[in-house]
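Just the one chain here, the form predicted alone, laid out as structure tokens.
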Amino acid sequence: MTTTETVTRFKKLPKVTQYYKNEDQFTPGVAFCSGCTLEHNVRFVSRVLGKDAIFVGTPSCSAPVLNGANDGAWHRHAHYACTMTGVASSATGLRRAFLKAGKDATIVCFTGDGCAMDVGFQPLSGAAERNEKIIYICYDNEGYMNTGIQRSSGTPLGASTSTTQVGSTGQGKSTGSKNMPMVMAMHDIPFVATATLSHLDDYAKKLDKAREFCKEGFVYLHVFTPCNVGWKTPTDASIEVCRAAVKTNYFPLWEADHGRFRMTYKTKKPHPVEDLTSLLGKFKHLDGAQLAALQAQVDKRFHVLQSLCAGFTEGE
């Protein structure tokens, strides 16, 4: 690609900076792995939601940065650290305390898939059922990456992890991942959406909606967040992986606004899921039958999503 072509292409990109409400609240150097999309994620959330957003976090990949080091801090946000079983409950208490004091506050739970889908699912589901006025962001890196790359409910079918190893006794995870965004949508909360770091304009719009909708009730955002270490990819491949996940419908971008489903990015000609798995070392062992099984799951979930979106389109 020539310099002229590159400049032309850049000019056509969405002006994501219009969503930045304030300067970066994080220090230049933080304790994330090289190439980790989680750093991009938390910085982006901060820039869009604003410096007054209050983070609630748990032991996870983001904990070292959100908690700080020794007596120093890596950001200027208010942050409350709690257990994996208490994040949604703690956020509930914080939000209610601010409401009682007559103050408006944007409370943001920021956790991994292990907390959202497994260890902390019961309080998360409870907070959603009560329609607490908080934002819950799950950064999905498809496993317990911080503690040794163990499988979680977010780990996909066939993926190799330290607890679903490839060898004489197994060929990766034998079951599929939990369709967590859809599970949360079934709670009938004001807003549910998926997002990823390769489509920042889409993500920014959803964060803007999240800030408004959390004033009336629970908001859940599920963000596809590749892990270079656990997924066995080069440090410069994270955004390429995000794009491939969207192009293959492995991770479609959609939202449910008060129960009304809508695709926010449509892939005209979906690529085969192999275009994604071929980029990831954790899938390098998959044979034809395993790829077909994963493709069948991707197709089934997307068909369900399409049906939900089409149902509302036809009724309007």
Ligand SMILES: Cc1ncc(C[n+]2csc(CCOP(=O)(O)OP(=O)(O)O)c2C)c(N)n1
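For every residue, the number given is its place in the sequence shown, counted from 1. Bear in mind the structure is a predicted one, so any value in this text is a computation, not a measurement.
The discussion below concerns the form predicted together with the ligand, not included here.
- Stretch-level contact analysis of 70-78, 171-179, 133-141, 240-248 against the ligand in the predicted bound form, using heavy atoms and a 4.5 Å limit, identifies 133-141.
- Put simply, of Met145, Ile107, Val223, Ala185 only one has a heavy atom within 4.5 Å of the ligand in the predicted bound form, and it is Met145.
- Heavy atoms of every residue among Thr85, Gly112 and Cys115 are located within 4.5 Å of the ligand in the predicted bound form.
- The closest heavy atom approach of Thr277 to the ligand in the predicted bound form falls outside 4.5 Å.
- In the predicted bound form, the ligand lies within 4.5 Å of some heavy atom of Ser60.
- By the criterion of a heavy atom within 4.5 Å, Val166 is excluded from the residues contacting the ligand in the predicted bound form.
- Using a 4.5 Å cutoff between non-hydrogen atoms, Leu200 does not count as a contact of the ligand in the predicted bound form.
- Residues from 153-190 do not approach the ligand in the predicted bound form: none has a non-hydrogen atom within 4.5 Å of it.
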